[in-house]
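Shown here is one chain on its own, the form predicted on its own, set out as structure tokens.
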């Protein structure tokens, strides 16, 4: 004999009930089937609302009653042939009239007792099962409807009645053992006391009904049909990568259900567990899918963690004080008072010093619990032996579950490390003696991030998802996005990094998609986005609260650079080619570095010096390994190197600068490059990364530009000034050429001092043959004191800058 239970979503309307009939019909050739059904989706909530309105003497309950009546009558008419509708509709209306009478009673007396509420709430299942049973009969199935109240007997603890299993098992064995019909349709949730009063089995009662019947008849299987394809590794609504667990033990299923996996109600397992009856979770809308089998622990899974679950809307209640140490009975009194007030405890943790006890309870019970505990320990609190109870709300519990966890070392460390790296603060920790679960209390706003982080760590073969938020999609930004799009497959397969661009912004528009932006159509998506704003962008990033978030700044904006601290404080990594932040006042530079360390958020700016060249990374490795930088000589401006490599007696200086800008080698305002400020920023950053506290004002700048050019206020005026001073630049060139030298704009740092300026470079110098837009850096250190460590290569251009940003993204992902 099989027992099949169909939940509210499976019987929500006539179309879905027809799907149920197909499933039942496909098993008709097998043994008997007991079909347990829930109320139509949403009906129990409507019944509860109607009862509440009636108790408040609000006549609005009659409108709710009309909605309930319409849903049931319309469904019956759609399912049943006209020839058999009259009798069945009359029976449904009689039940609805009785229900209306009960609600009128609540309206007249202005209250609902728990006994009355049980009668009212049971009508959802009573009506749905009757209509479905009659539909089966009309379709030619060998079916009968049976009222579960005649089979399941309970005490009179209304709202959550306890089952009398001796009587119930006897009644079920007798009825199901003798009934000749192949299909018996029964309502879930409802039962009755020995005195014949209607009772209910509490939350998840329909699952429980099915399990009670399955246990009583020793069914071959209990099938729970719902709207998902089994028990998932995590909530699939929050974790898109979650997948159905094919096989799981009873104990693991109970743990997952206890911690919020809503597919199954924990008490459901008890009646079938003792008899070893398997439970099969299946999808009504995809019956071809395998679902999840719950049975004795026979799985050979190599994964120690089988699932991740969570409970929302929790609170922590802490009782602490020196008066607890060494005093017996405190814990007993604490838990006794909670029990007396029907407050369920979901988590317990106690300090080994016995100085405090901390418990997790439902947030709705928080105020009741606080009042009850403070009253119970009023004397100790007044005597200063205990502190008034401490309450924290807006919390949630996340839990790792698995039978094999106890035989694997380091799981707790991996769990807490993964959460910590994503700035998920843990308020309390608990681990059962069976080591079947590890639980952590976190803020409820972090639940989605925590679940995704843990799922990635334990179920996705260590493929790390990086969520990228990009500010600036101009020349460099566009190249960067193209590179990501081309390399996504390689990154996932070879580096185990799943890189998703979640947000884009330019100066006018910004666009967010937390599922990842299609990089083949990003321009259209951005154009249709909302109005841009630096603060709005940051608030949206913070609101999404995604794991492994990285903010990428491809701008040259001081306003954007000023936001880095906000991102780092929220454990959001910052990758930037914008030199402004790292060349700002030393105090701010140090703050950003400190925030990066404090909040475990990488702050990477390799492209600040040398575009894609590994200059800063090389310098960091030298310093980290204990080497000391004594001197740096460098050509750090690919823009200026391009200009002076192309400037000669045949080309005017003005034309060469325009060419450099057109080919993307200069900033939008070329005066930033030609004034030397860009090179000053770069040598300043290298000096700081070498361990020196320098300011930009400490750097000597030997400018080659006329003062008039430096004083211009627009790009057009700057170019006009360059043209007006043509002879000045020609003289600079001829002076160098006459000595057999080439012009190079050189930055130098030595003995704690830095300077930048145009120099005549002779033929025997390493800088002489530096071509095109190349950069070169010479590091003279204690280890490299005779021959400097040399880094050379393309130091400007959108492609190489974008590749440098890309490299920093990969570095951040591997941290």
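Residue numbers count along the first chain shown, from 1. Just so it is clear, the structure is predicted and the values come from calculations on it, not from any experiment.
Unshown form predicted together with aspartic acid; subsequent notes refer to it.
The contact with aspartic acid in the predicted bound form, taken as any heavy atom within 4.5 Å, belongs to 205 out of 205, 638, 676, 187. Residue-level contacts in the predicted bound form: of 777, 35, 50, 39, one residue has a heavy atom within 4.5 Å of aspartic acid, and it is 39.
At the 4.5 Å threshold, heavy atoms of residue 125 reach aspartic acid in the predicted bound form. Among heavy atoms of residue 44, some come within 4.5 Å of aspartic acid in the predicted bound form.
Just one listed stretch, out of 523-531, 498-506, 617-625, 205-213, contacts aspartic acid in the predicted bound form at the 4.5 Å heavy atom level, and that stretch is 205-213.
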